[in-house]
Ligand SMILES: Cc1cc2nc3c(=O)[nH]c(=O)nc-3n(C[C@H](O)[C@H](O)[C@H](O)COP(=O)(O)O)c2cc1C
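As structure tokens, one chain now follows by itself in the form predicted alone.
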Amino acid sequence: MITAGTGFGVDCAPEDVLTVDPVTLATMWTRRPEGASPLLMALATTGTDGYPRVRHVLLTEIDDGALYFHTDSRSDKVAELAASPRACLSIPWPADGRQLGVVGDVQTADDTELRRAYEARSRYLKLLAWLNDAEHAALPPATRHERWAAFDAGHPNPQPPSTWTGFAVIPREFTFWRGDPDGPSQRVRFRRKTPRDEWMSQILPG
């Protein structure tokens, strides 16, 4: 059966795989021990020139069925999401033989969620939210380090900068891939047209 330890169990029957709730399973797969670093995930958007763009961001959390990530409002991905609020996410676990793909619509996170996410960040990432701009990026390394140290010393309890923003990806599709060292890999895909619809599922070759 499907368990917290294995995701799709080795002896899991197809009907059990197809009836699992994909949000619950995604939450299980992405759960981290307390104090562990957030998961890194690939975020694909449509560039303003029509070409796809991909980069890696941190998965902040899965909450109320949505996957959240946070970034700087001046970044290219924010402009791309404003023009085309759709995204694809991918999280791999090579050592475990797993990969999770998510396709969905994107909404801006509310102020309460933004503040909660900032407070949960490491101190390094809190400082980076303030200093990760074009001006600092263009400075020589020694100057960047000096300014970082000065800001660090002068801000023992930094609050979210005005450029701190975040997004919720509302899933329309989940794809769970499981490798199998003794046989063919397998994918299970869940799809729905709107957040109000039931999930439709199918088993696919790996």
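Just so we're clear, the structure is a prediction, and the values are computed from it rather than from any experiment. The first residue of the sequence shown is number 1, and the count goes up from there.
We do not show the form predicted in complex with this ligand, though everything after this point is about it.
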Inset, instruction - Report yes if any heavy atom of Arg31 sits within 4.5 Å of a heavy atom of this ligand in the predicted bound form; otherwise report no. - result: no
Inset, instruction - May I ask you to check whether Asp76 falls inside a 4.5 Å heavy atom distance of this ligand in the predicted bound form? - result: yes
Inset, instruction - Consider Leu139 of the chain shown here, and say whether it contacts this ligand in the predicted bound form, taking contact as heavy atoms within 4.5 Å. - result: no
Inset, instruction - Indicate whether Ala168 is a 4.5 Å heavy atom neighbour of this ligand in the predicted bound form. - result: no
Inset, instruction - Name the stretch, out of 55-63, 144-152, 22-30, 174-182, where some heavy atom lies within 4.5 Å of this ligand in the predicted bound form. - result: 55-63
Legend entry - Partner contacts in the predicted bound form for 111-133 (non-hydrogen atom within 4.5 angstroms of this ligand): Arg121
